[in-house]
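The same protein chain appears twice below, in two forms, each given on its own as structure tokens and labelled structure 1 and structure 2.
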Structure 1
């Protein structure tokens, strides 16, 4: 299994439609890189393919796929991420083609990558089941395709598909049964989970969770705060096992725990939203949320709205929050005065997690919030 390999090396494949603007493509690729790093992998190679539309059978076209299969071998790639949501037949065909060259190659689309990240972070039975449910649904048509293949092979000797149809039916039935089974287990778990979080002992060490979109700088801020500066941006094996730190706050004379979280993801595939919520939920048993926002991101208002919506859905929108506008060292940021005015009730802070600007003000802000809800 891939998660056992240290620093698995990834190839990212991205299809660039002719009419797509360059910045959008770049953002999407940056996000893929960030996601792969969150998984614990290294991006070894990025391949972009200009095409008007995706190939219906292999997504990138058979010729290109053969060429890339050789590239995979030459560069010792462990896993391929196609940075899009593919039809499961496209993914299946591409995987088969690559596996002819390298049998143990992993081939994921964007949904698979996201599920793999959730899978690494999920602790509770509920989150694990939610992930399994999406994964099973996502793979279903592929299993079904295998059934069809077997039916073609099995039905070859004058049986006109008799035995084969049975195979297909067995596969489908198994798939449906599996989904029903997971749904039943989830139903059993669904009771009172939201209330478990509320009974926190106020005398415990307070916890701060860093939330926000992928690539906003959560991990960079986490490293700055917890002084785990050995995890620089070049250290690519940043696992979330190391995602809990402790800092001492001198003005209030106490320590707090700080946790990094899986980030929000742009265009999260809709079928993964429950799995995401359930995985995120586990990390949000905190006294204070720091919402990190990339100030150079022109879509930042939309992204804040998505985060707030998810917090409201999870019924944790009553938590104390500080909005941390990050990357103020970048020249093209959104206007600070405007943001201060818009979000005055969220104690907005402006920092550069990379060079430390604004960090002491952020610490001051944290220390004015923390005592407000301890005994």
Structure 2
């Protein structure tokens, strides 16, 4: 078990399109490193390969895969992370080839790595069920591999497609049943959460939801606004569950609810977003979104685009938003006037959630929007 190894050593594999921006490639690899560090591992090797497209069988090609299998053995690598979301067959074939050299090697794609981090950070029954749902849906490699092996062992026996086909279908039915069972449990929790929201809505109290890219400072802002003390760390995906607080807005003389939820990340499969819809329910039903953006991040424009894509996928990209550029206490070299001009329709605010600079201006901006929901 990888979790039993102290500081497991990882190899990161990344395909780089010939025409991709070098800085973008570097940042994407840095994000993979941050994910591994969040898991508790260390990056021992980073392997990049220029390619116009991924190999359909092993993602990196059989020759490169065999070369890396020996490298894994020579460097005592504990786990391999492919910095992409692979097809079931690609992941299975790569895992099988690597395990011929080192049987206990773990081979994950990007989704697997994120799920492992989710599993470590999950605190509530709801979060654990959501992770289990994504993980179960992601079990394609096991189904593919087991069905393939059974077909090889018993091909031609029993039915037209062989015993392997029959057994694979049995496994698929069990897999579908397990998914349905988890979905039913999540539906019950979602119903309970919906009733809680309904009770809040009966008070006609508006709700503000804090959203943004993971590690942008969302929970720090939530704590500042709600006077709570939810866990914050300089790591990815600390928050998996939605938190609810209440703040009083003196200029309009009323209270509003404020919620915090899971952060977004690039190349997060839609199945993962869908699994967390019950957690995102607070965001789906919010009156106002505060999108927290790390102003010290050189790729902040790309990350805004990622968040906007997720909002579009959730069909809530038309909600009123305020862009909150956070971490102004850090060196950034960003032209605030340019950002204000570029995102003028989102009433951009500049704050340090950690020390409160700019917070009063953010409250003023919120109080100019909230009255529209109280009419």
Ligand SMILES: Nc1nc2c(ncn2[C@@H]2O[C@H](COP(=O)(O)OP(=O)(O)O)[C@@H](O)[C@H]2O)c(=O)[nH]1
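Residue numbers count along the first chain shown, from 1. What we label the rigid core is the largest C-alpha set whose atoms superpose within 1.5 Å from one form to the other. Since the structure is predicted, the reported quantities are computational estimates derived from the model, not experimental observations.
Structure 1, rather than structure 2, originates from the form predicted together with the named molecule. A displacement of less than 2 angstroms separates the C-alpha positions of residue 12 between structure 1 and structure 2, with the rigid core held in common.
A displacement of less than 2 angstroms separates the C-alpha positions of residue 30 between structure 1 and structure 2, with the rigid core held in common. Taking 2 Å as the criterion, residue 55 does not count as shifted between structure 1 and structure 2: its C-alpha moves by less than this amount when the rigid core is aligned. Taking the rigid core as reference, the CA displacement of residue 361 between structure 1 and structure 2 comes to 16.0 Å.
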